[in-house]
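Only one chain is given next, in C-alpha cells, and it is the form predicted on its own.
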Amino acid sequence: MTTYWCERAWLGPADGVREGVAIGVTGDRIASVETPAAPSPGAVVLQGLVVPGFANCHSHVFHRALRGRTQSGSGSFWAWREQMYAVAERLDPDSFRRLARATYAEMATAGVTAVGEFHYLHHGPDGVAYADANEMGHAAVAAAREAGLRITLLDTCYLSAGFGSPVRGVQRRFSDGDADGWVTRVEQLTAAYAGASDVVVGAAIHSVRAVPAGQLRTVADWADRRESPLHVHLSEQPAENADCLAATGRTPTMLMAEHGVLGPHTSVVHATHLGPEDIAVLGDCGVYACLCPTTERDLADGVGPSRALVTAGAVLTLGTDSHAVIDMNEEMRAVEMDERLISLRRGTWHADELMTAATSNGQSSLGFLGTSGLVVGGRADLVCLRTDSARTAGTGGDAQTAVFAATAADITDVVVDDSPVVTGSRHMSLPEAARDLDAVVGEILAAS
C-alpha cells in the first residue's frame, strides 16, 4: 500500500476541504481516507491543496499546433476551420504521435489524468486507409500512455461535408464511407484494447452535418450495445442549426433525439445555441453537457446555457477542445465568469459544483466508472496545487482557491492510478515536452 499525506485535501462537496488527510492506496484504487492524520513514516507528503484528477473530456489534440497562430485579422469559426484543415492535411502517424505526446504531457502538468480524444484523423491525406486502418488511433493511445494519461479514444464517425454534400479535400481522411464501414473499423480498434484499464474505446458523431440522419442510429446502436461513451458536437454554431432546420425541419437536438442518439452515456459538446425545447429534451435524457469555455470564446462561438441545462437534468463536464489554453482551473472559472457577463449576476455556479464537473463527472462521462474523487474505491488520481504562490497566497486554500484563484502553473504534483507523473511541476518521463512540441509544430507547419 502507498500512503499519501495531504496537507489539505478537497474530499468532495459534502466534506469540503480537510486538513491532515492520509490517503491509502492499493493497486489503482483508494483503500482508505483518514482525517485528521499525521504523516506516517514512508508516506508521500503533498504540501498544498490536493484535489482529484481532472478529466479533459473534449480534446482535438492536433489543434494544439494552431495555438497563437490564428489570431491575426478577423473572421469566424469557419475561417478558423480552414486553418485547422491545413494542419490536418499534413499529419502522418509519426508527427501526430509526437504532437499528441507533447500535448498530453502539457495536460498532465495541468492536472489532467484522463483525456477524451475526439478522434477523426483516421486515414491517409488522400483518404486511403493505412495498412492498419487504426494506425492513427493507435498513435493517440501510445502518446497518452507515454504521457501517463488514461485515454478514452472517441472514435468519430464523419461521412459528409454537410447536409447532402460528400466529403472533399482533407475531409476524405476522416471518412469510412458509411456508418457500417465505421463500425467495421472500430470493432478492430476495440479488440486491440480489450481488457486495458487505461484505455476506453468510445464513439463519436462529429455533428449532424457530418453524419446523415439515416446513419445516426448505427453509431448510437454500437455505443448502446457496449454501454460506451458517445460524444457529439451539438449546436456549436448558429449556421449548424439553420442548415439542420432547412434540411430536416428539426433542430440538431430534436434530430438526434428522434434517431436515438441521446441518453445517459451521451455527451453533447458545446451545446451553445439551444432553444428551450432543446434544453428540456437534453435534460430529460440525462446527457452530459461538455462545455469548453476557453475554446468557445477563442472561436467566438458564444456562451452556452450551462445552468439551464443542469437545472433541466443534464450533467456538466469540461474540456479544452482546441487547446488555445490547457488549464482546467481556467475552464472551471470561465463557466462562472462567462455566465456573469451574460446574466449580470454573480454566483450562478459555486466552486464545489465546478470542481465536481472537472473531476468525477468528467471521469464518469469518459467511461472510467467508479471514479468518484478522493473517497474509498475511487481511482488513485491526486493533483496537488500550491496555496502559497503569487496567485493563491491568502485565498484560503479551499475549493474557491482551486477554481477562482489557481492556474495550471500552480500544480506541483500529479499522480495517475498511483503512478507519479508530475513531481515538482515537472513531467517525470517527458521533461523536454515543450522543446519537443516546438520542434514538431515547426515541422508540421513547414511541410508542404
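Start at 1 and count along the sequence shown; that's the residue number. Quantities reported herein were computed from a predicted structural model and do not represent experimental measurements.
We do not show the form predicted together with another copy of the chain, though everything after this point is about it.
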Margin query: Is residue 217 part of the interface with another copy of the chain in the model of the complex - any heavy atom within 4.5 Å?
Written below: no
Check: Any chance residue 405 has a heavy atom within 4.5 Å of another copy of the chain in the model of the complex?
Finding: yes
Notebook entry, point to check: Applying a 4.5 Å heavy atom distance criterion, does residue 409 contact another copy of the chain in the model of the complex?
Noted result: yes
Notebook entry, point to check: Would residue 169 count as touching another copy of the chain in the model of the complex under a 4.5 Å heavy atom rule?
Noted result: no
Notebook entry, point to check: With the partner absent here, would 330, 337 and 395 each sit within 4.5 Å of another copy of the chain in the model of the complex, counting heavy atoms only?
Noted result: yes
Next item on the list: Could you work out which of 123, 297, 307, 98 is the residue within 4.5 angstroms of another copy of the chain in the model of the complex, going by heavy atoms?
Entry: 297
Margin query: Exactly one residue in 165, 188, 71, 311 has a non-hydrogen atom within 4.5 Å of another copy of the chain in the model of the complex; which is it?
Written below: 71
Notebook entry, point to check: Where does another copy of the chain sit in the model of the complex: which of 339-347, 169-177, 253-261, 357-365, heavy atoms within 4.5 Å?
Noted result: 339-347
Notebook entry, point to check: Mind listing which residues of 221-250 have a heavy atom within 4.5 Å of another copy of the chain in the model of the complex?
Noted result: 238
